[in-house]
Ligand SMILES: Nc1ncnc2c1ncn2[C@@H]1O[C@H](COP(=O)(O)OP(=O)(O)OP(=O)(O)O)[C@@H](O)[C@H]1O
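Let's start with one chain on its own, the form predicted alone, as structure tokens.
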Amino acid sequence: MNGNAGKSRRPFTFFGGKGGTGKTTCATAYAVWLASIGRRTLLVSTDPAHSLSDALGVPLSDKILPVCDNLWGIEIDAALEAKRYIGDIQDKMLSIVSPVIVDEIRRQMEIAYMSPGAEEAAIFDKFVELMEDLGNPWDAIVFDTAPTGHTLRLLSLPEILGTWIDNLIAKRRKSLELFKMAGRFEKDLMKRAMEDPVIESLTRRQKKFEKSRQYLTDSASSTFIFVLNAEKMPILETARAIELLEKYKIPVGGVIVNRVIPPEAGEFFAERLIAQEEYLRDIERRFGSKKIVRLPLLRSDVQGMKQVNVIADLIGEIDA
């Protein structure tokens, strides 16, 4: 690999795309390239169908584990993170409520754990936690995200939840004032309400979301790379996704066209090559303002570090 390559300008890189386009392979190869040029890199999977372990040929888990020189990996367990996330909220609620409603609080938290969006909010919390670790010890973090729709919901959370938390804080403060005026707190509970760990927790989360929004919308900090194949559906899905990310001011750095059939593929692929040429022209028309990297169709699936290294330098071009 090219050890003299210039270092990546951005600490956070997100890889996404339609399921089955090869984004995990591309995210893995890019992380390997960063590690090869001396950047201490963390490779993170948020895809429920984790395949980083298969791509690397190294078993990973929900704990950060070493992969090779300058490279570590983690596969985030969404269900586990959601359980921790809801548990943390429950603990804070139970610290200030009357004992008579403890069971009801626990029931409500169980419902929250099962509700849509709980796992996404928990994963985003983990995102922010990892981002805040930048420089201690990571120089760069590469995120292998879930298929496009899930990822777009995830990345829009700072905008949505930031407003939601603002409203919660305002309502919480109003409720506390009313309770104090009515004298409905016991002396001990009144003391704890004055300190109010719920507002403290919400304010802390508010600051986290503000910080993550700054990271995600700063082109010097973050970039999103889409992986697609030269086919109609991935092209259309990528175009819609880029439009939505740009609406949220999340910078898109480029696209990787994966599994491009080489011209010498033979007569069997003749019709596919003709169709592919049209799709490649369409990709240039739609995404020509961004960096475009083409990866050839390989003879076999990419599995293990040896094969990942074959395409790592090509992937590195996306950051040139």
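Not measured: the values here are computed from a predicted model. Sequential numbering from 1, following the sequence displayed.
One more form of this protein should be noted, the form predicted together with this ligand, which is absent from this view; the next part is about it.
- Here the chain stands by itself, but in the predicted complex one stretch of 31-39, 58-66, 254-262, 273-281, 254-262, has heavy atoms within 4.5 Å of this ligand.
- The closest non-hydrogen atom of Thr24 lies within 4.5 Å of this ligand in the predicted complex.
- By the criterion of a heavy atom within 4.5 Å, Met305 is excluded from the residues contacting this ligand in the predicted complex.
- Although the partner is absent here, Ile311 lies within 4.5 Å of this ligand in the predicted complex, judged by heavy atoms.
- Using a 4.5 Å heavy atom cutoff, none of Arg10, Ser289 and Ile292 lies near this ligand in the predicted complex.
- Contacts between 260-296 and this ligand, taken as any heavy atom within 4.5 Å in the predicted complex, involve only Pro296.
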